[in-house]
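Okay, so here's just one chain, in structure tokens, the form predicted alone.
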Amino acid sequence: MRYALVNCETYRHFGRLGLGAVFGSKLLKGIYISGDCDFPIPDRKAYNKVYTDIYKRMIETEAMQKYHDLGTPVNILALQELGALPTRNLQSGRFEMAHEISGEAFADHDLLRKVACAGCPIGCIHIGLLRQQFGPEHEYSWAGMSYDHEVLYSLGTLLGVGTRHGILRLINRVAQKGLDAIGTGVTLAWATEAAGRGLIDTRELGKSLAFGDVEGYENAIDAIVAGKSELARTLALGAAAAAERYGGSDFALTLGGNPVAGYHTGYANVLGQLVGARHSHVDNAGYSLDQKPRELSDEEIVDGLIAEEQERDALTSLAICLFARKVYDRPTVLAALNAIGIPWHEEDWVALGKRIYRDKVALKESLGFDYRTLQAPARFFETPSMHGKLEPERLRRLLALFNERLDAIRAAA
């Protein structure tokens, strides 16, 4: 299973890059990390001042309110309004049942509680109640399923599943099997459309797949994990590999070989996922660039993506949650570093981000990755984005410009 994941702190996951598959190949069940030493704080007064400032900005301002209140599922209705919500394998940018599976609907009807990662005061992990009858006379089981925008997209809109209970069932099945939700949803969406086009026979997975059929998708997940048919074993390799084997690459929703996130906002989103180090929307936030008040030039898109990824590389090197990036601006980060005896200035911070970015590019290329061969499936140009239909020629120009910038980064090393 190439899209097996690694679970962290129950409700967080290392998902689409196949870390679970790597663990499995090494017969590794987990890694336990325990710190056993202290670091002296040279200036406790400065440390307490920075800590208090960060804490108050976390809980007393609007910076984190979105994540605590509805969480990222608030994006469902926003993207629906923009026509940027991938639906039924991105055959559309709007889903007629969006209101039924929105963050607001989950909060009103299914939200059980909110929990936080260790040491965090926000509580942005939203747990929904899955209640299922397993016997007569009102015999029920229950489970708490964490949900966010990406699972509501990948196991909801992308598969045409328009009920909250249906999505929670699929989240539960994916969690039981240890699979990445986005990888699973993208693969099943491709298989559903491929079956409709006669490229594959999904009865090999237990029953024919159809958009919106929760039971069919549950059976398919079980069959893919069991790997008892050639089709199941191929689907276990992901949508790109399945499309290469059976055809249908033009509607396999992968960028850089990785299943895509739940946005169809425009050029920056597509390019960002193609060239990001992890081919993730959170590498460089291309979806956010697309939502600027005015359309950006090619240079603004490419330079914006690179600058944002370098900034995020520096942030994540300090184990800073990207949900809190509005709190951890540069002055705050530098003040925190200085408070623990690391006397950095802004130029040091910028240099760190550039070095990490350059090292990631070098690592990928040393493993055979080629930025000059990247391309996007036709589906991204067929279905209108929030800015209308995208043009393949402009994406080619953007990729060429990105590679020029990458050449300059290599030369400056």
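All of these numbers come straight from a predicted model, not from anything done at the bench. Position 1 is the first residue in the sequence shown; the rest follow in order.
What follows is about the form predicted in complex with another copy of the chain, which we do not show.
The stretch from 206-214, 107-115, 190-198, 304-312 that comes within 4.5 Å of another copy of the chain in the model of the complex, counting heavy atoms only, is 107-115. The partner is absent here, but in the model of the complex a heavy atom of Gln65, alone among Asn48, Gln65, Gln375, Ser366, sits within 4.5 Å of another copy of the chain. In terms of contact with another copy of the chain in the model of the complex, the residue from Ala226, Leu129, Ala335, Ala78 that brings a heavy atom within 4.5 Å is Leu129. Asp69 belongs to the set of residues with a heavy atom inside 4.5 Å of another copy of the chain in the model of the complex.
The shortest heavy atom separation between Arg294 and another copy of the chain in the model of the complex exceeds 4.5 Å. Contact check for Ser141: a heavy atom falls within 4.5 Å of another copy of the chain in the model of the complex.
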